[in-house]
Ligand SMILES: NC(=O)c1ccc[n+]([C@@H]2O[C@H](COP(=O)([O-])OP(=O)(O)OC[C@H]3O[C@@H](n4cnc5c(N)ncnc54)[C@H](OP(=O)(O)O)[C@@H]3O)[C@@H](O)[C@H]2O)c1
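The chain below stands alone and is given in structure tokens; this is the form predicted alone.
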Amino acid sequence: MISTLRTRHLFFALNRQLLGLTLGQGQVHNFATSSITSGNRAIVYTSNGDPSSVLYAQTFPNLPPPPPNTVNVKFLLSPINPADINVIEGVYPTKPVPSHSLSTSGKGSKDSSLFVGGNEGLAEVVDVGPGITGLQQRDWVVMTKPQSGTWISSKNVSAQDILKVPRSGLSEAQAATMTVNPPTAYNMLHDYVELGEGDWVVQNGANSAVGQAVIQIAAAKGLQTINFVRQRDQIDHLKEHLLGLGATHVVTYEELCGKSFRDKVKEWTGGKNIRLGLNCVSGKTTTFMARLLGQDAHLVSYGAMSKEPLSLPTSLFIFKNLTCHGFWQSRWYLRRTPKERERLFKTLASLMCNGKLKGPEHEVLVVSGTDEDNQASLKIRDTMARLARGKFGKKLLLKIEETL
């Protein structure tokens, strides 16, 4: 009879071989695993690289009682955002802080370089440390500190690095995704130009999470939007979806580049100046979009999905007095007071609770508490490989359960 231990070794060896086939790579990946059999779990990495190769799951001891001015939280949902992938790859401007406390011995190591993935997430307060006011068990909180490491089941956090959000009226998916994309959309619509009901905004990448938030927030404000998207299969279905969110017009980039399109826009707007453009694509299509802007307009860039430079005619600056800005939500958080952050989240929560800002279409990836660390590692790496191949059409949210 084969021993239980030998059976487990054969099972993990087979899984590693299967993962190599799944990822299309010719080598077997080795996982750093923990000897802890129950407790908390995190998705971690020790060096930058391809997420489908460097990420693994690690179980670590249960949290001790929280020190003064901190709380212990349990994460309910944590998004997997494109920026999270860039951080793991080592190509994102913001770098994570090593998590020295995640040691299987419970003692930590000053020499370790263990990083927890994830920047955004919804957590529930499970224990409150001395000196904390305004928070209690079962409160929902979101992270406000960049690169907090949210792909984890439970964590101790400083009260200064979280913000309470309402439990009633919000879905878990809405609350889990409210610190990056909706604030980006809201702030770009409000920080550069004072727009009133009936004013026009143009944007590209309109089907992105930020783009869809822009459409809804603009509609709630009474703004008109012209939204540009890439031509694709079932383009009519996409246009219908965005129009249903409140878009005024949805146009492909091919239509944007047409000779008569500027005349069509003048007809739509009645000749009214378009004073705000939002860009996450750059490249040639953004050049065409910028030409639609009127006198004293502002072009705000928050991405470059085309991986091409932003190229603008000099005439827009000389004759139309165009102003260009770069927007980064992380910088906004760093430069704003806690009161300003709180006011922003209250506004967004109100829009969500009133049905004016919907949660993203999403899928939830559950890392089960019954999975061994090796099994969880396989699941995460396979998911990252599928993400790289564009196999997820919806927002992907991660739920990491405590190990049993």
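Please read all numbers here as calculations on a predicted model, not as lab measurements. Don't overthink the numbering: it's just position in the shown sequence, from 1.
Keep in mind that the form predicted together with the named molecule is not shown, yet the notes after this line are about it.
J.: Would the named molecule in the predicted bound form be within 4.5 angstroms of a non-hydrogen atom of every residue among 82, 184 and 210?
T.: Every residue of the spot touches the named molecule in the predicted bound form.
J.: Using heavy atoms only and a 4.5 Å cut-off, determine which of 261, 288, 192, 302 is in contact with the named molecule in the predicted bound form.
T.: Filtering the options by heavy-atom distance leaves 302.
J.: From the list 225, 148, 174, 329, which entry has a heavy atom within 4.5 Å of the named molecule in the predicted bound form?
T.: Residue within 4.5 Å of the partner: 329.
J.: Using 4.5 Å between non-hydrogen atoms, is residue 230 touching the named molecule in the predicted bound form?
T.: Yes, residue 230 is a contact residue.
J.: Does residue 180 make contact with the named molecule in the predicted bound form, using a 4.5 Å heavy atom cut-off?
T.: Result yes; residue 180 sits at the interface with the named molecule in the predicted bound form.
J.: Quick check on residue 386: any heavy atom within 4.5 Å of the named molecule in the predicted bound form?
T.: No - in the predicted bound form, heavy atoms of residue 386 and the named molecule never come within 4.5 Å of each other.
J.: Taking heavy atoms only, is residue 125 within 4.5 angstroms of the named molecule in the predicted bound form?
T.: No, residue 125 stays farther than 4.5 Å from the named molecule in the predicted bound form.
J.: Could you tell me which stretch in 68-76, 149-157, 263-271, 304-312 has residues with non-hydrogen atoms within 4.5 Å of the named molecule in the predicted bound form?
T.: The contacting stretch is 304-312.
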